[in-house]
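Consider the single chain below, provided in structure tokens and representing the form predicted on its own.
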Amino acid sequence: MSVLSLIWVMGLILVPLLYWVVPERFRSPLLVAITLAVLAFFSPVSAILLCCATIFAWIAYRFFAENGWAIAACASVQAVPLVYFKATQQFQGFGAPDLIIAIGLSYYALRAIHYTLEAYKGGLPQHGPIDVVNYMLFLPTLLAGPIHRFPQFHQDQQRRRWNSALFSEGLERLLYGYFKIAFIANVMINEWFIGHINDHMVEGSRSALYLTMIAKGLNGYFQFAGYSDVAIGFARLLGFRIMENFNWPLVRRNVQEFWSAWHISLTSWCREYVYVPVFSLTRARWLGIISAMMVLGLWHEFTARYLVWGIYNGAGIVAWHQWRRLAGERIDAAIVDNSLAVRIWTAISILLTMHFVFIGFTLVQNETLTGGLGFLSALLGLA
């Protein structure tokens, strides 16, 4: 199911209409019922897994919130379905039985783990089981996130009222999202840009490979950012301000800034629940960074290409910290009073960061790590 599908577009029209027409006490139950109906129709296993995750999260909060070992066990159990589906999807087509698609599992599993861990940390407001159901079965974030957090959701739910300004913002974000997906990504990049490469450049040439890398990187950004805009806009139509997921990552000056602005709900999740615990236990920043980026990579897919991709980006962040300490701060201090030098250095930094990230993307844009490395070798003239 895609946000471009007719059924999803119809949902964007009908769900807010029904939601605001019915009495207030029926709004949340209506939204939960629609979410379950959608999942039950397209992927019954998803409905079952989501309900189990919701029940298990509430049990962890209600009965085990003060027991660290029990909470750790609960969080681990919440991760089992995600790990299983990610680990087995790579074997499809190689004799393994077809795997039923679990819609939204990558997102609601991390929401459940967030909720469970925050229960132990004392980061959750007072609430009841229905609040957890409303949070976990929130339709706008079902397909592609963001991985919004419970405290903000609960606050919005308590304050929820008709707000024409917020509704207008929602419509505007939907327009931005569909423009990014349908026109910029699908037409300008996939049809025009890549079509021009295929029609007018020598296949396999380094210039063609380079432009293909740029096109795929841009396409990935506009597709995903567009999906996030649709989810954020849909949520605002219903009176909720869920967290932003992208903040102009392609104009960031270094790889750390980039990963603080790309897929923010996931990168911040990895920072909170992977980097911080690892760093607290080991006092080794580099290990925390590498661990967080490895989890970020494997969240996408349990394969060698995503593991290497995560390590590559983690190593880039570690290297940037070293560069910053050894030379970067001195360069910034030396040019701070020269506005032209600052602009030139900023432009160079943005270009270097974008190319570092896009080179990393080539590792996962092919079906295998070998294919990605082959593409990269040809691009660099090593093959």
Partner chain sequence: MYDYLLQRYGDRAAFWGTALWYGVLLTLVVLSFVAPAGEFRYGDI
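Numbering follows the first chain given and starts at 1. These numbers were taken from a predicted model, which means no experiment stands behind them.
Note that the form predicted together with the partner chain isn't included here; everything after this is about it.
For the interface check, one of 155-163, 113-121, 219-227, 232-240 should have non-hydrogen atoms within 4.5 Å of the partner chain in the model of the complex; which one? Heavy-atom contact with the partner occurs in 219-227.
Would residue 4 sit within 4.5 Å of the partner chain in the model of the complex, counting heavy atoms only? Residue-level check for residue 4: yes, a contact with the partner chain.
Close approach of residue 172 to the partner chain in the model of the complex, 4.5 Å, heavy atom: Contact check for residue 172: yes, within 4.5 Å of the partner chain in the model of the complex.
Using heavy atoms and a 4.5 Å limit, would one call residue 80 a contact residue for the partner chain in the model of the complex? Close contact is absent here: in the model of the complex, residue 80 is far from the partner chain, nothing within 4.5 Å, heavy atoms only.
I'd like to know if residue 191 sits close to the partner chain in the model of the complex, meaning any non-hydrogen atom pair within 4.5 angstroms. Contact check for residue 191: yes, within 4.5 Å of the partner chain in the model of the complex.
Has each of 178, 183 and 365 got a heavy atom lying within 4.5 angstroms of the partner chain in the model of the complex? Affirmative, all three are within 4.5 Å.
Heavy atom within 4.5 Å of the partner chain in the model of the complex: which of 284, 311, 187, 251 fits that? Just give me the one. None of the others qualify; the residue that does is 187.
For the stretch 54-82, I need every residue with any heavy atom inside 4.5 Å of the partner chain in the model of the complex, listed N to C. Contacts from 54-82: none.
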